[in-house]
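Listed next as structure tokens is one chain, alone, in the form predicted alone.
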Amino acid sequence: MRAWEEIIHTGIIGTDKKAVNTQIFSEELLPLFEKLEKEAEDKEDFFLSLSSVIYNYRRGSFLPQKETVTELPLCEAEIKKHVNPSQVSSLQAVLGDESDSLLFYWLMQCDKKNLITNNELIPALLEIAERNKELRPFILSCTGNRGKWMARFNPKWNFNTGLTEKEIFDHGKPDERKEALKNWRLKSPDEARAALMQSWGEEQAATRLELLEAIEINLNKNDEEFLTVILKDKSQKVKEAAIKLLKQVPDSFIVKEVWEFTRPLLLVKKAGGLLGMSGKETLDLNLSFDIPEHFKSYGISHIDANKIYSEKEFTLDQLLGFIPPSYYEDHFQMKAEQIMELFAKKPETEKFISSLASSTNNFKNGEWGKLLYRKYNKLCTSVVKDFDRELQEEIAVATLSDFKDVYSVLPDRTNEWSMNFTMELLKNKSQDPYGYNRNYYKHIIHHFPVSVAEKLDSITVADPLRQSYWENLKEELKKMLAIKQQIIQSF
């Protein structure tokens, strides 16, 4: 209360140097103060009388301030059924364990059964949705109309539900706009690109760079005109990002230009003459070339960083990686397997199998990706999502030591992994229980078959110093698997 602070302040300084500022007091007291001042013998007497009034005034009660409150809208009636008590219990176990993986698994089951959670746990789920964007769609589905209604009263829970991608892109926060543009590209790439083009001149360089990432989703020939205009952007990073995208459009002007330069460098010969389709065909590479100066802006360099190639071979490696697989098929009039065999016939051309892998990875050709992995042990991560699960798990086992993020080779986040792969993963990661601790497993535990808990004791750690830590971690895994079992039984 400012009035009492004024009294104390005046008392400390003294009435000779400071008079009480009565204007800060309530208007209803001012007439009384005027009367006290007239009746007071001196300044000190007036100050003491005034202090007595304010002291007693403070001890009195206050009337509440009257405010007009808008009538709250009623929550719409729920259409879906609520979860049963055992399902509530399994959700409480999940929330107590603080495992995003198990929560994801519970929400999946809830969504599949077309159920909604009980009202008491909605705030806890919305708080999780606040910090975990990946879980938001499931949480919003499983909290029903009550969740949407509650979200209105907390700005942090208002995840722009009910707004279109255009509305979010036009008025949302930076991270919301980027996410909306990505979703828009999935549904209508041309509309999303047009919206970005319209706002492009008003965006800051850093924002332009972030928003441009969304164009990679459903990238197509129609994007070329926009990306070509961006090549004149003031930001060098934005221009480089545009070039990177143009290099992924199979018939963009950049790809065609590089192909027209590269095509004459690839000569197929057979004994006694040029061309032919017999098994005697060989590939000759013309290394007597100089690239146009502007090719350097496309990322093509003469500098060999790894010393595998000569200078010209290194440049050719980059040129070949620039070319879509379909161009090679048309040029050689061969199928993928024949083209790879052609390159593999001679040591001087075999090294360029890696160039074909770069091409395959860049243009996401699943057929070429399978052949390169099966026959030449070249992994193109961009196409692994197109492989069958058996091959994906085979690749995952072979690359366990190379990839910390298992989703780079097993991209499906909903499937349960096979017992064989799960055990191979655990045997590999258990050797480093400090690096792959509970935090690592709590994001992937829903993929583990519950029965793997019975085999955890068979896993041994080579380093005795790490064995005790693994023993503790093993018990944590058993607890998480027990919760997964509880979820399964409840649904």
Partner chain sequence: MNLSEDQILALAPDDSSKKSGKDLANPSKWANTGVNEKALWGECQGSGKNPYRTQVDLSNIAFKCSCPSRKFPCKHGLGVLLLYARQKNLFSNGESPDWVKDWIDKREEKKEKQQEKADKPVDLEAQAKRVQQRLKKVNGGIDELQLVLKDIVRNGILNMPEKGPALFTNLTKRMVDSQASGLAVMTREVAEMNYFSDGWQTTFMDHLSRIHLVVSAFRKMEVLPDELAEEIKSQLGFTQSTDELKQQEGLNDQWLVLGKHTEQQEQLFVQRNWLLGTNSKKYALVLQFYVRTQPPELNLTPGTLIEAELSFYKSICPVRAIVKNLGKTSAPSDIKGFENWVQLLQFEKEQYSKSPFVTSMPFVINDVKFAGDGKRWFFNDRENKSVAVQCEDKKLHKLLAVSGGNSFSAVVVGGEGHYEPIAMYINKSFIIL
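Positions refer to the first chain, counted from 1. Just so it is clear, the structure is predicted and the values come from calculations on it, not from any experiment. Between two forms, the rigid core is defined as the largest C-alpha subset superposing within 1.5 Å.
Not pictured, yet referred to below: the form predicted together with its partner chain.
Peer 1: Give me the residue from 157, 200, 327, 295 that has a heavy atom within 4.5 Å of its partner chain in the predicted bound form.
Peer 2: Going through each option in turn, the one that passes is 157.
Peer 1: Could you work out which of 405, 290, 388, 120 is the residue within 4.5 angstroms of its partner chain in the predicted bound form, going by heavy atoms?
Peer 2: Selected option: 120.
Peer 1: Please identify, from 143-151, 249-257, 348-356, 229-237, the stretch that has a heavy atom within 4.5 Å of its partner chain in the predicted bound form.
Peer 2: Checking each option against the 4.5 Å cut-off leaves 143-151.
Peer 1: At 4.5 Å between heavy atoms, is residue 67 in contact with its partner chain in the predicted bound form?
Peer 2: Close contact exists here: in the predicted bound form, residue 67 approaches its partner chain to within 4.5 Å, heavy atoms only.
Peer 1: Please run the contact check for residue 28 against its partner chain in the predicted bound form: heavy atoms, 4.5 angstroms, yes or no?
Peer 2: Outside the cut-off, so no.
Peer 1: Considering only heavy atoms, tell me if residue 48 and its partner chain come within 4.5 Å of each other in the predicted bound form.
Peer 2: Residue 48: contacts its partner chain in the predicted bound form.
Peer 1: Can residue 56 be called a contact residue for its partner chain in the predicted bound form at 4.5 Å between heavy atoms?
Peer 2: Answer yes; at least one heavy atom of residue 56 falls within 4.5 Å of its partner chain in the predicted bound form.
Peer 1: For its partner chain, considered in the predicted bound form: do all three of 7, 12 and 489 come within 4.5 Å of it, counting heavy atoms only?
Peer 2: So, yes: the whole triplet contacts its partner chain.
Peer 1: Look at residue 482 and decide if its Cα position differs by 2 Å or more between the shown form and the other one after superposing on the rigid core.
Peer 2: Result for residue 482: no, shift under 2 Å.
Peer 1: After the core is matched up, is the C-alpha of residue 347 off by 2 Å or more between the shown form and the other one?
Peer 2: No, shifts by less than 2 Å.
Peer 1: Once everything's superposed on the core, is residue 461 shifted 2 Å or more at the Cα between the shown form and the other one?
Peer 2: For residue 461, whose C-alpha is compared between the shown form and the other one after core superposition, the shift is less than 2 Å.
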